[in-house]
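Take a look at this single chain in structure tokens; it is the form predicted on its own.
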């Protein structure tokens, strides 16, 4: 069988020679040629006159499809399929969709880029190439540099090409098509290849189904599901009405919790005399009170309790904590106000523990004494 010429190649020994050879081939007007080096060489793409790859457009298109698909799916779930009010936000609260949309866009961009490279740019599953296993490829994969001008180039003339490469100082040789390459047929739609893909898909699906629906329900993996408990928003056969979520029995008190005996309507002046501060104003108690005061109280009352709110008029400024009324209040009155709230001030009994509220009272007393010091305090 007569050999069919694929290209004329040339081997060089150093990077400077291959850059000059690439520029000479480019200036000669050849379009179908390639350069092979054992490592990347700066400036080689410019010497070859390469244009920007179209692969970036594939990446962009895949990313746009991924982002649009994810934002559409999240919007459909949040607005149509399972709408819920979370924290008073609207159903379509787009900031919550941004992180997962970004991740899916990146994922689709990567998968789309790799898939396009394999299927279209590399023509998978065709893994054969005329340069494979040739002396030329073995040299340029080790320590040499090479240029290969293909025979199907419009300007190709074997004699002229050989002369050109010889003048650039290259070791010129010819590369021929192998019999394997000439007889190769595309296998993308080959029945064996299709059956292989289908088999892999079925095996993966079956394995995933068995693992997630069977294996995880077998001992010892089922111990988290076989607990004597009632799950939220589920039916329960234990109760006659079938509801799993139930209101606590009237008067129920959680273990370790002491309910506050005074209601919101109780006046601080009348309640305060019945509440006694159990905390001594030690350094640890004052440090705790200062920390909690700065966190919960200072945004409205100011860092020193003078009523200079940092809320910029969003709420009415509270009164100063240094007034005669507050200074003459018993500790229990301040504790009651922190616990149940007053006017626009909300209750803090669920945000601040009982001990922390008393610690805040101690710290307020420290601020009051600092701003209303007696002559004996200064001696």
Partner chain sequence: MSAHESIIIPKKELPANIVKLGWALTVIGLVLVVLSYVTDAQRAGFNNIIGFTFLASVAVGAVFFIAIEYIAGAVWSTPFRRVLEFLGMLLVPVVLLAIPIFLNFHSLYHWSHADVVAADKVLQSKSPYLNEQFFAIRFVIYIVIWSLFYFIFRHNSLKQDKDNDQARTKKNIGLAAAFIPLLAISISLFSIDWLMSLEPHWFSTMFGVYYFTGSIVTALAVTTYFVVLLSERGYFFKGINENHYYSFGALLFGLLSFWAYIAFSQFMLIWYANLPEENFWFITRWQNGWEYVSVAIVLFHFWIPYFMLVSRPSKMKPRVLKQSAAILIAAHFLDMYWLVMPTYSASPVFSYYEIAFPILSIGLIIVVFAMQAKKYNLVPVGDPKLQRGIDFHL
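Positions refer to the first chain, counted from 1. Keep in mind the model is a prediction, meaning the values are calculated, not measured.
Below: the form predicted in complex with its partner chain, not depicted.
Heavy atoms within 4.5 Å of its partner chain in the predicted complex: which of the stretches 191 to 199, 299 to 307, 81 to 89, 243 to 251 has them? Residues of 81 to 89 come within 4.5 Å of the partner.
Against its partner chain in the predicted complex, would residue 256 count as a contact residue? Criterion: heavy atoms within 4.5 Å. The answer is no: residue 256 has no heavy atom within 4.5 Å of its partner chain.
Does its partner chain come within 4.5 Å of any heavy atom of residue 99 in the predicted complex? Taking the distances in the predicted complex, the answer for residue 99 is yes, it comes within 4.5 Å of its partner chain.
Any of the heavy atoms of residue 154 lying within 4.5 Å of its partner chain in the predicted complex? Output for residue 154 is no: heavy atoms all beyond 4.5 Å of its partner chain.
Although the partner isn't part of this model, could you tell me whether residue 95 comes within 4.5 Å of its partner chain in the predicted complex, counting any heavy atom of the residue? Yes, residue 95 sits close enough to its partner chain in the predicted complex that at least one of its heavy atoms falls within 4.5 Å.
I need to confirm a contact call. Of 29, 316, 43, 346, which residue comes within 4.5 Å of its partner chain in the predicted complex, counting heavy atoms only? Looking at the other structure, the residue within range turns out to be 43.
Could you list which residues of 341 to 362 come within 4.5 Å of its partner chain in the predicted complex, counting heavy atoms only? Stretch hits: zero.
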